[in-house]
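You are given structure tokens for the same protein chain in two forms, set apart as structure 1 and structure 2.
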Structure 1
């Protein structure tokens, strides 16, 4: 499976004063050598809950970070009041380099990119087999975002008690992407958590999917309640007293370790920030067929070699259709 290197944002590049700079060199590096290392667990209106030495600490971004935002999963350096006591506030003075970055835009023509999670190893794309109906378009889009951001995809199909997984497995079963199918019964007897868990050990896994597919139910089955309380207390409780996921929320796994990151439901997964030429990487079953393509082929043009290759039986025509649909909705800048 393809992996991309370190991701560097433009704003990751620290500007260095030139030779004519008047500031002494010792001031170039941040002076917070005594800062504590932490990990961002959740973000709520500018307040970031961070894990530092096993304590949860609420922090805000220091002014020196400028416009750069810390997101869930970020490794950060903190100074100030690190006691974690009520009503104390630490400051985040540095965001460490990220190993991966899951990004989306609300729609394809939305210029504002939202970073969903930093440093995740894996993207669990959660789809219900019914209620709500599976949406292969959204799955394809999540796959594109995963490959582009340097995350390994995992397909989780929930609610198999309501509908069989056959149709989705036909599309995605042969893709070399690991998948797990779960049902209500398996949630209750623990099998669902056990089987999903096999794919999570030691990794940071972000769970994404449409609202109502069962992300939070699954995450709760994976993380015992006392562990959830570590970050749970900062969650917004709605008027009805029901917890709704408003920000991504990282929760620690016990045993072999690792983290699960619950995310708010997404209706669409805009890909405005992704170069169209990289979309093909989310279709590993089709990628070998592009060898015969003309240079800089968009894979959505008459000379594209994929038509003949798929016609020869190397891949499922439905997958080529999915690729073309994704490329053309992007071109026309339509939402999903």
Structure 2
């Protein structure tokens, strides 16, 4: 009779005849000191296109990395077949430390972070001045994500032939954000690309914007078709004559170098992951005033030390207003 529960012993354990023993797992992992360095250009269903020594290769994440995911812009170490030939596959064995990270959530109640791009230097927020109308709350959210992730913002306003930029520029004037204003004609004849490119040389720039603002049209003008071949096929879906990017894609710039990362059009930009203590770093004129703040201060409460700091003349009140407007954007819907 078999015994169960606390009355069992070693004799009650069944073993399969001929079954091989299992070795104890070890935490020792190979260092892969001979791995090649690369940059992730795009990710598609578990396959990552990477640039290694001037050629593109397809790779997959090594099992030893566990749940850690590589994203566009990541600097990675690769082993295996690095020839770039058709039907070959390399392995990503290490993801290097990131200098910046642009993240978002689907909405403010969603705890799952979606990493948009790693190691970008700046975030180009593309918005139309009309058709469709500007969405300042979405711009605010993109700015907060940029400041939180360590990216410098760049505001690109399109379709100035349909509406003037004055109102929008006034709204963000106190933030000292670099900006470029373009028209539809300039997008078509390439003048817009030339003016935007002045802010991109030597940098990795992620482009964000909702559908219809001209983001992908601008990216196409910045990166000629012959440069796009370096990254292979671009995933697009076509509807009503528009082409919309469906996966983030890093594209090389000509001239002084740099990269453009075209991202999918966004309908919302959730900020569930945002920590106010990181956003304040983008306001160096205000940051010293937080030394007297209570622990975990939201910088928009009665005991916040920034009120006294500004009242004493250490910073412009308009800057504090701008900071608090951005930080409160989590509590406001984009249509407010």
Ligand SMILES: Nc1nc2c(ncn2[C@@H]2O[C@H](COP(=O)(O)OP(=O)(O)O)[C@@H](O)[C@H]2O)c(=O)[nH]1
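Keep in mind the model is a prediction, meaning the values are calculated, not measured. Between two forms, the rigid core is defined as the largest C-alpha subset superposing within 1.5 Å. Residue numbers count along the first chain shown, from 1.
One of the two isolated chains is the form predicted together with the ligand, namely structure 1.
When each C-alpha is placed with whichever rigid part superposes it better, residue 280 ends up apart from residue 208 in the two-part motion between the two structures. Interdomain rotation between the two structures (smaller rigid part relative to larger, C-alpha based, rounded to whole degrees) is 29°. Structural comparison between the two structures after rigid-core fitting shows the C-alpha of residue 308 displaced 11.1 Å. Superposing the two forms on their core, we find that the Cα atom of residue 174 is displaced by 4.3 Å between the two structures. Its Cα shifted by 2.6 Å between the two structures, residue 162 is reported here after superposition on the rigid core.
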